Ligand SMILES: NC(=O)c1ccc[n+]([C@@H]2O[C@H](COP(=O)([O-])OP(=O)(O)OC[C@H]3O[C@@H](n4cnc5c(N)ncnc54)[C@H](O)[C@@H]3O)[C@@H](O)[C@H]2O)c1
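The chain below stands alone, shown as structure tokens; this is the form predicted alone.
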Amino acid sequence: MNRSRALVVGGASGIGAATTHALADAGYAVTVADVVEDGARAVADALAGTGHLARRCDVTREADVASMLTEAGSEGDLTAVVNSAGSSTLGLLTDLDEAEFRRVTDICLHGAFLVLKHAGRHVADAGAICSLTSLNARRAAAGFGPYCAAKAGLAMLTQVAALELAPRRVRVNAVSPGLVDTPLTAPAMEIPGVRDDYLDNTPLGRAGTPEEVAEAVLFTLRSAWLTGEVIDLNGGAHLLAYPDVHGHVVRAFG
């Protein structure tokens, strides 16, 4: 019998990398996919166990996504797919360049659609798919228009995919993190006032870790009666106001 395989898209750093380690520790053979191939290979080489692979993939290119899923499916029983690829930007809608809006939504929404489309074709019956959305899927933030729109769209795509793939008992869920210390959030956290504003609006008073998000992702993959769910994982931040990141940037840099 083939060993169960998991695919993590955007697995070269941050939450994606932590998720690859959690899956390897749980016994999966993991394909680590990322647009940064060297990073994906470094993560795959560091995983516990054997049978892990690295794959370059640009989620905005359907040919890349299709071949990645075909390959992952051919390497064993593909039972788990995680999409954590993402990017962001900062700019008010009235100032934002159209190309930058498209860049963010192409990665975070269109790319997620492509992963769901081809994962839905190749994941095994009774397998599971989990996407990473964001607190911004439900909380608006000035200066984060394309990111908020894309993550809100991904939350709804998760529910649509859960309905469409249910006949094969494929479960589709998402985890929606708040502030997590990763390379993606590090530049914003260096701006005076931003981190304090986040923590002041997080009831548990701290940022999350990539490993804590990976635990929640693994929970969705293992829970046989959970589908169509978008799990808030943010220390309670969805209960309070969203930080004024754009305001802090303006005050810091003019």
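Counting begins at 1, following the sequence as shown. Since this is a predicted model, take the numbers as computed values, not measurements.
The same protein has a further form, the form predicted in complex with this ligand, not shown here; the description that follows concerns it.
Visitor: Contact check in the predicted bound form: 80, 130 and 227 versus this ligand, with a cutoff of 4.5 Å between any heavy atoms. Do all three pass?
Guide: The answer is no: none of the three residues contacts the partner (heavy atom, 4.5 Å cut-off).
Visitor: Can you check 161 to 169, 94 to 102, 121 to 129, 143 to 151 and let me know which stretch has heavy atoms within 4.5 Å of this ligand in the predicted bound form?
Guide: Heavy atoms within 4.5 Å of this ligand in the predicted bound form occur in 143 to 151.
Visitor: Might residue 73 be said to contact this ligand in the predicted bound form, defining contact as any heavy atom within 4.5 Å?
Guide: Heavy-atom contact with this ligand at 4.5 Å: absent for residue 73.
Visitor: May I ask you to check whether residue 29 falls inside a 4.5 Å heavy atom distance of this ligand in the predicted bound form?
Guide: No, residue 29 sits far enough from this ligand in the predicted bound form that none of its heavy atoms falls within 4.5 Å.
Visitor: In the predicted bound form, does residue 235 come within 4.5 Å of this ligand, counting heavy atoms only?
Guide: No, no contact at 4.5 Å.
Visitor: Residue-level contact is defined here as any heavy atom of the residue lying within 4.5 Å of this ligand in the predicted bound form; does residue 58 satisfy this criterion?
Guide: Yes - in the predicted bound form, heavy atoms of residue 58 and this ligand come within 4.5 Å of each other.
Visitor: Please tell me which of 35, 194, 216, 47 lies within 4.5 Å of this ligand in the predicted bound form, judged by heavy atoms.
Guide: By the 4.5 Å criterion, the partner-contacting residue is 35.
Visitor: Using a 4.5 Å cut-off on heavy atoms, which residues of 160 to 190 contact this ligand in the predicted bound form?
Guide: Contacting residues: 177, 178, 179, 180, 182, 183, 184, 185.
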